[in-house]
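Only one chain is shown below, in structure tokens, and it's the form predicted on its own.
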Amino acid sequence: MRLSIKMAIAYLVLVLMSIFWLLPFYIALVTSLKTHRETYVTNVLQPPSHIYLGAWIEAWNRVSRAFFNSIVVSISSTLLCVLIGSLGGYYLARFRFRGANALFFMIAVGAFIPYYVLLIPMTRLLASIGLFGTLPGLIIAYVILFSPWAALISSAFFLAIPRDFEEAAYVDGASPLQAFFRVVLPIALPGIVSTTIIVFMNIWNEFLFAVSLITDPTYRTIQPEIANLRGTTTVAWNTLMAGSLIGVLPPTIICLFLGRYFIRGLLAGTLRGAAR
């Protein structure tokens, strides 16, 4: 009986937390389905008197180009970050050499330094190579910015994998690179998926570099474009909320389809590390 009461309290707390967490999403959704006038004369929690899709159509027409720009930039940057970061993380986790600790410290500093400190040096770097204001330049900036994160996160998963698998591959004549791609990488796949999701989320939601390194509206990404959905004299809340919901669609879809692999990857590294 006492256990049932505790379970009921736990479920009640979880339900209340879920409602509290979903409340902003509900407000954004109902606001996006209201007319411009209705957003100002009704309560934010009140559903629309009738479904109005004009705000969604206007928002999509204004952010569609930026949406696909973000798709290209985020996927390209994420793949490069995960490739470079996983190779670097594997090297840090498996190979011991003189200065390894210093190198690990430098990568950690690069990962945790406030990234707005790097804005001016990154601007000068891209301008010097003629890529300032272009999507390839923004991709390079994100690769430089988030590869240390990918290396640190992936190295934790590689440390949890026993060396016996690689030693068996070496006995069969595999090189370290072959052992990585054919043996270690498939085992660490949940961890790589977790790293990919974290890096993609950060790149997709990044605002400062996107608004500072891209000056041509043709190459603008989704986050600065959503900020531009505000009206000139009054805030068009319905259009702004519709654009915001469009902007969260890719991360939401990724979490829905890959969320279980993300949790599995996080738990795998923790449990294996604890078991050892």
Partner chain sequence: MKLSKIRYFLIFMGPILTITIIFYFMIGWCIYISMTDWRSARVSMKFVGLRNYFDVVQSREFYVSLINNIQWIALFMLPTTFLGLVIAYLIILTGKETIFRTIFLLPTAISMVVAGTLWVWMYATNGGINTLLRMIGLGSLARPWLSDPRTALYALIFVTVWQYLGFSIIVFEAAIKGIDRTLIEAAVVDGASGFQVFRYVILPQVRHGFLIAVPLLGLSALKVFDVVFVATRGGPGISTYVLAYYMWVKAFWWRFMADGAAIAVILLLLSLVLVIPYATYALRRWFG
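Please read these numbers as outputs of a predicted model, since none were measured by experiment. Residue numbers count along the first chain shown, from 1. Throughout, rigid core stands for the largest set of C-alpha atoms superposing within 1.5 Å between the two forms.
What follows is about the form predicted together with its partner chain, which we do not show.
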Original post:
Is there a non-hydrogen atom of residue 69 within 4.5 angstroms of a non-hydrogen atom of its partner chain in the predicted bound form?
Top reply: no
**OP:** May I ask you to check whether residue 117 falls inside a 4.5 Å heavy atom distance of its partner chain in the predicted bound form?
**Re:** yes
Subject >> residue 223 within 4.5 Å of its partner chain in the predicted bound form, heavy atoms >> reply: yes
Original post:
Quick one: is residue 151 in contact with its partner chain in the predicted bound form, heavy atoms, 4.5 Å cut-off?
Top reply: yes
Subject >> Candidate from 189, 177, 75, 168 lying within 4.5 Å of its partner chain in the predicted bound form - any heavy atom >> reply: 177
Original post:
So in the predicted bound form, are 64, 79 and 130 all sitting within 4.5 Å of its partner chain, heavy atoms only?
Top reply: no
**OP:** Sequence order please: the residues of 104-136 with a heavy atom within 4.5 Å of its partner chain in the predicted bound form.
**Re:** 104, 105, 106, 107, 108, 109, 110, 112, 113, 114, 116, 117, 118, 119, 120, 121, 122, 123, 124, 125
**OP:** Taking the rigid core as the superposition reference, indicate whether the CA of residue 69 shifts 2 angstroms or more between this form and the one not shown.
**Re:** no
**OP:** Once the core is aligned, please say if the CA of residue 40 is shifted by at least 2 angstroms between this form and the one not shown.
**Re:** yes
